[in-house]
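In structure tokens, one chain follows: the form predicted on its own.
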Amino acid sequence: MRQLSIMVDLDRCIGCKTCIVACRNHHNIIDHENDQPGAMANYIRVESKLEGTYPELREDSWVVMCQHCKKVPCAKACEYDAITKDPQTGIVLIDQEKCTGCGECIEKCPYNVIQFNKEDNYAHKCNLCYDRVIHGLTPVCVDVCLTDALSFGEKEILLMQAEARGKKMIKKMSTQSIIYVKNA
């Protein structure tokens, strides 16, 4: 199976959240009239961590999204076969027509990235912009990244590119399709 992936360069991510805004707009997951800050649905979140001691402090930022896991715990939890891993791309997809809104997938997701639409009673999440990817485009978060911290492609090719640039994969953060790299 081909595995399409996003590579996050931790040396380049500045935590600007442009990816979040672009994702929300592309997937139309924000209710501009009613959503409040902190309660808005999102497929991507930005996390950060302070490193070092004063005055040599450094803040690392990175994006977290659906990891499109190899063993897909959310799909295993779904009794209605609403969640599948696309064999052509490795992207984990939720079929909203089959989703009953039981919430089991949300409980089983180790990354806390599955959203729930209460109004229409279904789970939804990042699908790596499947609608764009199948037409040869990149996910919108990658397109809008101001610092080129995000890149998209086949996992093995991304890893070769990272190595050529002197980057190493942060194994404790990286999973099946989201790869985090940093200067070696």
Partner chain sequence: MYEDGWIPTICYQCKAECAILARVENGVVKEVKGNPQGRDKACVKGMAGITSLYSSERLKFPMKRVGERGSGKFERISWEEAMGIMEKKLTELHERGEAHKFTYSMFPHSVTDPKWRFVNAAGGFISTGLPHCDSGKIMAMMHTFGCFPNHHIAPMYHTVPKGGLMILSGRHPFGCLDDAAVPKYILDAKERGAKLIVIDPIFRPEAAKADWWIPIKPGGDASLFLGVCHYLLTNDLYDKEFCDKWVREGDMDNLMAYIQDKTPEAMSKICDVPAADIIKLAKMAAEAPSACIDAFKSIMYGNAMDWGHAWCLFLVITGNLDNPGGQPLPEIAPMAPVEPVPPAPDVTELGYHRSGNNREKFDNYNFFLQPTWYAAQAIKDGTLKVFFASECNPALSEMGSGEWRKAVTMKDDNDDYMLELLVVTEIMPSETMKWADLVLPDQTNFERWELLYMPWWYNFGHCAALCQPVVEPIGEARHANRVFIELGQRMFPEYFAFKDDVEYYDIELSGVDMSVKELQENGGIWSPGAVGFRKYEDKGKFDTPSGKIELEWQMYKDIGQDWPSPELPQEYRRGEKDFPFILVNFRTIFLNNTGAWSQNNAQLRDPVSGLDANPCLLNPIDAKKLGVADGDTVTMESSTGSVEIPVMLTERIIPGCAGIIHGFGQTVGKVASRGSWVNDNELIADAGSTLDEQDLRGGEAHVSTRVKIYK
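Keep in mind that this is a model prediction, so the values were computed, not measured. Numbering follows the first chain given and starts at 1.
The next section is about a form of this same protein that is not shown, the form predicted in complex with its partner chain.
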Exercise for the section: May I ask whether C13, N25 and R58 all come within 4.5 angstroms of its partner chain in the predicted bound form, judged by heavy atoms? Expected result: yes
Practice task
Name the stretch: of 139-147, 153-161, 66-74, 119-127, exactly one has residues whose heavy atoms fall within 4.5 Å of its partner chain in the predicted bound form.
Solution key: 139-147
Exercise for the section: Verify the contact flag for I30: yes if a non-hydrogen atom of it lies within 4.5 Å of a non-hydrogen atom of its partner chain in the predicted bound form, no if not. Expected result: yes
Handout entry: Non-hydrogen atom contact I134 with its partner chain in the predicted bound form at 4.5 angstroms
Key = no
Handout entry: is_contact(K168, its partner chain) in the predicted bound form, heavy atom dist at most 4.5 Å
Key = no
Exercise for the section: Decide whether V21 counts as a contact residue for its partner chain in the predicted bound form under a heavy atom distance cut-off of 4.5 Å. Expected result: yes
Practice task
Would you mind checking 29-44 for residues with a heavy atom within 4.5 Å of its partner chain in the predicted bound form?
Solution key: I30, H32, E33, N34, D35, Q36, P37, G38, A39, M40, N42, I44
